[in-house]
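Okay, so here's just one chain, in structure tokens, the form predicted alone.
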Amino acid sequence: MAGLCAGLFLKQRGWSVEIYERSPDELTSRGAGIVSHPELLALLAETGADTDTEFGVPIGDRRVVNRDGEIVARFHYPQIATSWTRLLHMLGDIFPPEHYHLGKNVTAVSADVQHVRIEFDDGTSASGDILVGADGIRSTIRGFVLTDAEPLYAGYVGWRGLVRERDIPRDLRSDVFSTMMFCLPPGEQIICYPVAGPGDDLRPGHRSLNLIWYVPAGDRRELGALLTDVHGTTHSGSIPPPLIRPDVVTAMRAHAEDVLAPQFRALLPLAPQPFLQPIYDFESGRMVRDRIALIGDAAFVARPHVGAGVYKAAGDAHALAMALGEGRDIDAGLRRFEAERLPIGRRIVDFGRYLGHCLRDDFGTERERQAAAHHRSPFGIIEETARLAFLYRTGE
């Protein structure tokens, strides 16, 4: 997503752009739901994407339900929810396909003050005036800008799933497809909201519901057990959904019966393949080295509570293109880009940590303890919606 935004913004300013994707296949179903904001829609429209036609599913408010399923808090906040795949296709459709290369895994980078050369594991290479590292949380390019910089585990995981609209009981369907719904078990948080269905389908009856349930997994040993697959192999960072052990899924579903509202207890079993997302933070000390720039999750990883992943990526890409302009002074442009985006990235990551305090039981400061208490309350969690909008608009 960050790479496509950067490619589109740079091309608009006269740059020749090649995008190299390490996956050998077209990216689909990587992630699930994205909730839009006016600032994100404005940036996407500037890439040339049509954000006015079938962008996503409108939702009218945010609601919190208690253990018995009763609505205990409600906040009017119209938004449009879409899917990662839908947005990827919107951007990919306007980027020239002949300049988008699959199966290009970078193995070496050499950079100086004037140009960059990259080598791939298939024996080919490429060079240019700048290299933009937009390769996500497990970035390869990051290692050529920063040394010994790895995402930090936040102490909890997110169980994610997609449920087809047609599989949801009729009496529940109308409620969950008009809102973003929360439930707050002690020390946990679960959310659902509608997104496009398979094939980016937005027709009523053909959409999907995105679920994410944050559950503490406090230490590396507990996380390691969750990431150990059916063959006994412990994965680093994440685990392919089909390899999650059946006993882990069974324990998750049993816990749901004990703590979740009836709406969520009805929805979770309908997700055919839940997947597990350990939650991480990452904060860069720098975004530029020589002619290499980092953007998106390669530079800063904010927790999903902030809902800012795509917005941050698009903002980085736009700022980079604006700072570089037509490339008359590349080095000065890269310095301007870094000076603008470093404090923004840090602020967004810090806000994600602040929102995540409600999923912890150990606090280093009184501010953390107060934040946890606030976000464990029904009105506390949904009123942060307004703060998110304020954060985006002012940077405060």
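Residues carry their position along the shown sequence, with the first being 1. Note that this is a predicted model, so its numbers are computed, not measured.
There is another form of the same protein, the form predicted in complex with a small molecule; it is not shown, and what comes next is about it.
> With the cut-off set at 4.5 Å between non-hydrogen atoms, does F75 touch the small molecule in the predicted complex?
It does not: once the small molecule is placed as it appears in the predicted complex, F75 has no heavy atom within 4.5 Å of it.
> With the cut-off set at 4.5 Å between non-hydrogen atoms, does G7 touch the small molecule in the predicted complex?
G7 lies outside the contact set for the small molecule.
> With a cut-off of 4.5 Å between heavy atoms, is G33 one of the residues that contacts the small molecule in the predicted complex?
It does: once the small molecule is placed as it appears in the predicted complex, G33 has a heavy atom within 4.5 Å of it.
> Closest heavy atom of I295 to the small molecule in the predicted complex, within 4.5 Å or not?
I295: contacts the small molecule in the predicted complex.
> So, a 4.5 angstroms cut-off on heavy atom distances: do all three of Y20, K104 and D135 pass it with respect to the small molecule in the predicted complex?
So, yes: the whole triplet contacts the small molecule.
> Just to be sure I understand the contacts: of F95, Y156, W84, F177, which is the one whose heavy atoms reach within 4.5 angstroms of the small molecule in the predicted complex?
Filtering the options by heavy-atom distance leaves W84.
> Find the only residue in R160, R173, R265, R164 having a heavy atom within 4.5 Å of the small molecule in the predicted complex.
Here the answer is residue option R160.
> Residues in which of 109-117, 226-234, 136-144, 254-262 have heavy atoms within 4.5 Å of the small molecule in the predicted complex?
One stretch meets the cut-off, namely 136-144.
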